[in-house]
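Just the one chain here, the form predicted on its own, laid out as structure tokens.
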């Protein structure tokens, strides 16, 4: 099958096969290299259901090569003063701003989200890079005279070679959750992007090189399970981050830590929005509709469950009106694959068969001119019981399951019974109720009258319970602890000082 695309990065990042399909290359030691494999997967444009490239299923040998390149680059990069390292990322931020439209177009092409959402993703990448540029001020060494003539000092050092495994839903943003902080702090890195969306990572590598990042500091290995397992197992890698489903996050965390690596693995979510009758009707309806449908519901911060407390039918009706304004192909993007579309629609059908009421039905969505695209329309389902699969599983589509409760305590019981803990929100005009829910909801990120409570830098991103495995958070100030190790130095120069137990 012959395919072309305007948005694939420069020719050096791909090779052209005998059938005309462009095959994506790994990026190792500053050079684009072919993977040592005969296995490839198609890269699809989900908006039109067409292949745009092929991605290699790299082997453990490919991972070894990337690790050696990162190891070779580490001594010089890590010994460079942080004030010098950060200059690369000032330039990288400027380049992302310059090429923002192009980067968003890549996300749109390989992921299927609409351009405004793709641009928002790039803007968040720019924000986290801006935070990384502040790290020299945040990790200045601490010094204290603990006794007369005795000084204690703490300095932070990079952990070494780190690996970053990222998902399909944010091809640019999630890699940039880790790249700027990890590299500014002196580590070298291997990125394994999702095999479904490998294109954005190629352009990231090009921009980092243009910004002046030395060869080998940043490397890319494409692939699937074998590449992930090799990253977990390789003794040359000292820390690993992962973002994906909870099932895989658990497996990756166990495997990586069994090889004595630091690991932080972010999993799935089932975020609950608790809606009180006194909530502002328009604000609540528009926020909930946007939260459940943004990025086609393919984000771990999406509202997938709503608990309507008491007499809240007026808000549900307004929510349905807002949901009907969300049109596939216009202000709603595609889901990632045909299999994802079929899975999401099965959840809706099963809920209906179990007695739930479909208020807005997104099954069978088609977009004119993109009939082969993978679209699911916004779907609102009422009278969902907490024991239904659609109330328990992460559907990862533009689907909202509405459950009913008579009291805030009953709503919190439903929320806290779910095993995840990324986010929870409450919609109310009562400050006391809002505070009560914020204190009692079992989630790491809380929203009050906000459907997607993602913290802004320098506040860090990370959930609780089975939404995260490992200590700390992946962004913000909390990431400093993960990507560095402290060195404590105690010094005494003057022998005349009085000696006590501290000296």
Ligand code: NAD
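These numbers were taken from a predicted model, which means no experiment stands behind them. Residue numbers count along the first chain shown, from 1.
This next part talks about the form predicted in complex with the named molecule, which is not shown.
Review point. Just one of 113 to 121, 222 to 230, 89 to 97, 308 to 316 has heavy atoms within 4.5 Å of the named molecule in the model of the complex; which?
Key: The contacting stretch here is 222 to 230.
Exercise for review: Decide if the three candidate residues 165, 177 and 461 all line the named molecule in the model of the complex, where lining means a heavy atom within 4.5 Å.
Suggested key: Affirmative, all three are within 4.5 Å.
Review point. Among 268, 294, 373, 377, which has at least one heavy atom within 4.5 Å of the named molecule in the model of the complex?
Key: Spelling it out, the residue with a heavy atom inside the cut-off is 268.
Review point. Between the options 362, 160, 244, 216, which residue brings a heavy atom to within 4.5 Å of the named molecule in the model of the complex?
Key: Contact check passes for 244.
Review point. Is residue 347 a contact residue for the named molecule in the model of the complex, using a 4.5 Å heavy atom cut-off?
Key: No.
**Study point:** Contact test in the model of the complex: residue 467 vs the named molecule, heavy atoms, 4.5 Å
**Key:** Because a heavy atom of residue 467 falls inside 4.5 Å of the named molecule in the model of the complex, the answer is yes.
Check your understanding: in the model of the complex, does residue 422 have a heavy atom within 4.5 Å of the named molecule?
Key -> Yes - in the model of the complex, heavy atoms of residue 422 and the named molecule come within 4.5 Å of each other.
Check your understanding: residue 394 near the named molecule in the model of the complex, any heavy atom under 4.5 Å?
Key -> Yes, residue 394 lies within 4.5 Å of the named molecule in the model of the complex.
Review point. In sequence order, which positions of 339 to 364 have a non-hydrogen atom within 4.5 Å of the named molecule in the model of the complex?
Key: Nothing in this stretch is in contact.
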